[in-house]
Ligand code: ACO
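Only one chain is included here, represented as structure tokens and corresponding to the form predicted alone.
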Amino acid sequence: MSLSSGLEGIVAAETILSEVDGEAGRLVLRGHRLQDVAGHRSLEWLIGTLWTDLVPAPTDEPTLRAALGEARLAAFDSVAPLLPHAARLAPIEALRLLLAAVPDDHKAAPLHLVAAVAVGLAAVLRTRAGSPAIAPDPRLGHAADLLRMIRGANPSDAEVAALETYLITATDHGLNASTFTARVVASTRAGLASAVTAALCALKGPLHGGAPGPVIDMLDAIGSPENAEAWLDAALQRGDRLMGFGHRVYRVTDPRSDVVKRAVMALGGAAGRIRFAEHIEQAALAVLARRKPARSLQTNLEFYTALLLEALEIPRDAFTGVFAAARVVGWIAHAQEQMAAQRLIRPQSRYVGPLPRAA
């Protein structure tokens, strides 16, 4: 048997949901280029597009929007008893608790799980700050209601557009670590809630969804443009990973990074922060090219995601939770697709331990 460490280059599933072309820097979401969707369509439209013929839920945009609004109301009631416990945890761990409480036989599991991530994250952030959790408004779009529930005030149209663009961008991305986890669990017939909860656990890791927060930590540590090259060079010399750079698949610029960068620039208020980040970005790319010339390490989604979520006044330890609010849509679609395939995912390992000693 041939070995591919990390399953590099191994095709483990066929999917109609998304194509990630690392050589061309292209992301296709069920037949639509990311650039043609983000900023032009609603999150509800994309959910319906991804879920059509896979997920037992309404998929036309108006009906799904209304159903998701009602699901947020139901999720608010279901998370309320757990808030005193969940609010004592880090946001992503609080979401793990809340999702684990969803039964696998929940009749409206797909919509409830999407709603529970958004409602649960907002409620936990409010509760730990000593403020009352805010009930959903089912008349609003999902992105607008998420931001309203987190911040306790109605966001501007520009802020909603920025968040919705990010959520669309992060909804699905091929067979990434968390999506693969969802498919593995779904292949055992464990149930949709179990698959989504397992995927969330995979997303938590700093090499996957846990990266955006540390991008802000890096920018704060650098402090000023003149410190950039020396700080970055020293970090690489220590063997540190520069958060927001490099991707397992993309060999050119991550197309999601460009989309999110435009979204955060459209907010306007963070112009100085953007200029500083652009300086750090260029310095980092130069240092990476000099120190790691054999590898193409470009800006990835997390770099400008961190700036966008910071501009929206979302706490940095909640960045991964917002990522989950988007990616849960893709997890559900992939889990349903895997269950329809009726095939248990069961790769093999190669034993390299000691052999039994001869008698």
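For clarity, every value in this text was computed on a predicted model and none was experimentally measured. Quick note: we count residues from 1 along the sequence shown, nothing fancier.
Below, we refer to the form predicted in complex with this ligand, which is not included among the displayed structures.
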Answer with yes or no whether Leu29 is in contact with this ligand in the predicted bound form, where contact means some heavy atom within 4.5 Å.
no
Flag Leu54 as yes or no: does it have a non-hydrogen atom within 4.5 angstroms of any non-hydrogen atom of this ligand in the predicted bound form?
no
Any non-hydrogen atom of Arg275 within 4.5 angstroms of this ligand in the predicted bound form
no
Partner contact for Ala271 in the predicted bound form: this ligand, 4.5 angstroms, heavy atom
no
Would this ligand in the predicted bound form be within 4.5 angstroms of a non-hydrogen atom of every residue among His208, Arg248 and Lys292?
yes
235 to 243, 143 to 151, 79 to 87, 109 to 117: which one contacts this ligand in the predicted bound form at 4.5 Å, heavy atom to heavy atom?
235 to 243
Interface residue in the predicted bound form among Ala318, Leu309, Ala333, Leu301, criterion: non-hydrogen atom within 4.5 angstroms of this ligand
Leu301
Which one, Leu288, Met265, Ile222, Ile134, lies within 4.5 Å of this ligand in the predicted bound form by heavy atoms?
Leu288
